[in-house]
Structure formats: C-alpha cells, structure tokens
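Below you'll find only one chain, the form predicted alone, shown as structure tokens.
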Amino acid sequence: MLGSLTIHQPATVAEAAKLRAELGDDGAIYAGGSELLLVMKEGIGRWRHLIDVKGIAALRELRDAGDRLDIGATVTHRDLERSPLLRARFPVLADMQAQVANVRVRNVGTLGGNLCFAEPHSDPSTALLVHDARVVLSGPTGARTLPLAEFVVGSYETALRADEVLVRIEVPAPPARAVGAYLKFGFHERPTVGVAALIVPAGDRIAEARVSVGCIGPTPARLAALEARLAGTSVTALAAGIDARDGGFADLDVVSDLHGSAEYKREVAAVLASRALAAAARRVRSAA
C-alpha cells in the first residue's frame, strides 16, 4: 500500500526545485514512476509528497543541438528507442534503449528518472558514458553541468543536491565515422553485465576506442587501459576478435551479488567487450 499522498504539479523547473527544498526527505520527484512506485510498493521508501514533473514542457524536449543531442529528463525510453534522430546520429544509444527492461517499462520510464535512481544494474548510464554524456542540473542558485561519471557516484547515489532538478542530458556528437555496439547479459530481469563500445577508424586502423562496462559494480566505468591498447589496432584483427581480459577488468570495483560472483562478472564483461568491439569493427568493414 502506498498510503496517503499529496501530489504537487509544478509548472516550471524552478517551482519543482523549490518544492524539493521545502519538502526535504518527505518529497520525491515523480515522472514515469517505474522505479519510484516499485520502491514505495515494496515499503523500501516512503514519501508523503510526490512532485509530478511530467507537465513541465522544458523537461520533455528532445532536440538536435548541432554538436550534441539534448534529451529532456522526462523523455521516455520508448521515445528514444523510436527516435529517427537517435537512430541516425546515435545508433548505439538507440540500440541500448531498445534493450531496456520491457516495452511496458520503456513506455513510462524516463531517462532522467533512471539516472537519478542510479540503480547499478541498469543499461543507460553505461552507453551514455562511452559518449561522454553530461547532465544539466537546476536549482535556486542557477544551473550547473556535470559529466555523467561525476553525477552517478554510487549504488542509488547521485550528486543531485536536495534543491536541484535534473533538466536534461547532453550527449556530444561522436567523432566522424565512429561506430559502436551495446551488448548485455543477464539471468534476471535486470542485466548482470552491460558493455558499450565505440571505435573511430582511420583506414584499417583504430584511431580512437572507447569502452565502458556497467552493472557489475556501484557505477559504470570506462576501461582506459583497454582503450589505450586498442589505438592503432587493425580493424580486421578487431573484427576477428581479441582477448580483452587484460584491459583493466582486474582493477574494476566489482560486487558479488545474486547476479554472480565478482570473478564471474569480470569474465563475462571481458567476453562482452571483445564481442562488442568485434561487432563495431564488422560494421566498419561493411560500410567500407
């Protein structure tokens, strides 16, 4: 049972931020509710006030800003999955969005809500990390921008202040000719491992590589050692498959849980990284 609730419907981001500050721990932002209502039904979290931000037009915008994509906090996973703009310019993100949970969740769940909940076994932050995404937060002192890696700071923990609202996610346009892939694996409803890969070819060589892994620990992480090793690698060799296990997986903060042991997750993550990179390399060759 959810108990007695008061629903607030602010018309602007400033009003929503003001309500957050006034209500404190008794209030929570409500958008799609796919995570929030589940927590409340299970009795894990209890709030007497919900701040419904679905009516704030500025949070629903999805637009091409030229050198980046701007995604309003209340844009749903389904909107992103079906967006021609996303498929054309950010295909890795579109591919990831199509794999989020199930169509019921994607229809109501929002990208901003997903990031603010910071569930460690979640897809979006891993794929956004490989795109160097950042978030824009707004509060009474104005707006501030944080890299996504600095916003999600732990399991169910973000850098969002008590008087702030997440306004949008900014995704810089990937380098020209960049291609990528997002792969996930899991036994349960939530993923055990998620891996995103993005490569920039220069002829038959890799000029730049980005690889991120998530769901295995408190926060997703980029694999700097693997990225450095891939620079200059042959696209042909990458398409055939590489052993990625020496790419920094041993240094990751990995948690053993019902999804598997830390050792198991590291092994699966290395396999998925190799497969994601190979898939990206094959896309390079098919486009040549």
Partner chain sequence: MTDVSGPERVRVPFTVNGRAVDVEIDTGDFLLDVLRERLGLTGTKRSCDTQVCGACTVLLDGQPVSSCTVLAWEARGRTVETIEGLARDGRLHPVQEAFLEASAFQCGYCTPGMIMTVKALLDEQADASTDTVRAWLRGNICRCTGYVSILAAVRSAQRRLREARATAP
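Residue numbers count along the first chain shown, from 1. Computed from a prediction, not measured in an experiment: that's the story for all the values here.
There is another form of this protein, the form predicted in complex with the partner chain, and it is not shown here; the text below is about that form.
Contact annotation: Val105 falls within 4.5 Å of the partner chain in the predicted complex, judged by heavy atom distances.
Residue contact with the partner chain in the predicted complex: Ile44 places no heavy atom within 4.5 Å of it. The partner chain in the predicted complex comes within 4.5 Å of a heavy atom belonging to Asp52. By the criterion of a heavy atom within 4.5 Å, Leu38 is counted among the residues contacting the partner chain in the predicted complex. Annotation: in the predicted complex, residues Ile7, Leu19 and Ser34 each come within 4.5 Å of the partner chain through at least one heavy atom. With the partner left out here, the partner chain still marks one of 83-91, 214-222, 197-205, 97-105 in the predicted complex; by a 4.5 Å heavy atom cut-off that stretch is 97-105.
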